[in-house]
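Just the one chain here, laid out as structure tokens, in the form predicted on its own.
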């Protein structure tokens, strides 16, 4: 066995110094070219890499031939880029973080006290509307600081006269930031570090280049200008295809012609809109099929004929040694759950991080109402909060009438949108473990807990250990009282 470290991420400033000190073209294209040749060359990989580095132009021509002429886009996945994206709006960051196979770390509004920086949408040209936008954002930012201070003081009063430690002080400030940010606009500036391979970057360009938002298109231009001098041979299709551009619009013509129905009303709880019927049997049949060399259809027939008590005994034995950090195996991916929910922008910021799922998000709509943190009410600021929301909604309507989607920037983290999301049961376990935990942000924790309770009613066996990390011991003892007593 022979294993070599072929490469790793290096800071671009170091690469620039190397480029100045030696007549070498440093590009990830050489890795793509070398790895593309593995399947058809008798040479060892390290020699293929050496040859690729010695003739970069030849490597680039090879990449273009393999990707364009032969259609093997996967070789572009070996080229990886890191980007610092700064000074973009929270709204644009939602677009950046839509891609499943990309890594992100974002500046959190829960942990960082914000300074009031925001993005002015380039679409807003009217001086009066621009002034209205700025006035509303400034008012929101003023309330953010006021609410942050008031919540901190309230938490300190609850603490009493005892001296507050540095750790406790940071915890209280974190809670205050978490709730005060619900009044901040989606125009608020943020930053994110991303790691993305060339294939996904090309996909990003195609999506961003057809975005209706000027800020997103501008971000695409900047990313493209940075990458193309370094790796021109592996970004070959950055423009949207005719299908990308026109397919949705063509369908919408038909959809809008359908009979009108009652508009969606505000709803406090998620709704399970579809799920895999007989999910428990499907999961168990997957185990049986693999372990007994049976066809899946035969295994499923056997499971459907097996008594509920026997199936419960199987699942009890299966889960008997599980701990809070254990993930169920892939057999649990056989069962799907689709839910619809109306959630705040603050909650959506957490939900979109669960990318091994299908997430379809609608527009933010003032008519869906706003999510109000309890701490805002407890500090006596609820009336002022709603007054600002009313002014925000009025400004939104005026801006939307003239500038369309640019109006979204003035909406806040408390404004709500409808999401449709499908996850398999294995991913649901991960989501609930993480988000229904006592340390999770309260807004998404409420969503996760409501979902867990609903899923347990439709898949009572395979979802029996569905709970947050902090309640795992309690849930385990509920199902395994005898075993738990013996362990004690």
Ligand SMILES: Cc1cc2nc3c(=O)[nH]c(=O)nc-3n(C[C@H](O)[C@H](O)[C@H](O)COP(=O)(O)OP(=O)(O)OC[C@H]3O[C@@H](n4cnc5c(N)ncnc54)[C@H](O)[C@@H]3O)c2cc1C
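Numbering follows the first chain given and starts at 1. The shown structure was predicted, so the numbers you read here are calculated from the model rather than taken from an experiment.
FYI, the form predicted together with the ligand isn't displayed, but the following is about it.
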query: Partner-contacting position among 287, 104, 275, 237 - heavy atom within 4.5 Å of the ligand in the model of the complex; finding: 104
query: In the model of the complex, the one of 80, 266, 356, 145 near the ligand [non-hydrogen atom within 4.5 angstroms]; finding: 356
query: Partner-facing stretch of 359-367, 182-190, 346-354, 222-230, counted where any non-hydrogen atom is within 4.5 angstroms of the ligand in the model of the complex; finding: 346-354
query: Heavy atom of residue 40 within 4.5 Å of the ligand in the model of the complex; finding: no
query: Residue 430 within 4.5 Å of the ligand in the model of the complex, heavy atoms; finding: yes
query: Residue 377 within 4.5 Å of the ligand in the model of the complex, heavy atoms; finding: no
query: Residue 434: touches the ligand in the model of the complex, heavy atom cutoff 4.5 angstroms; finding: yes
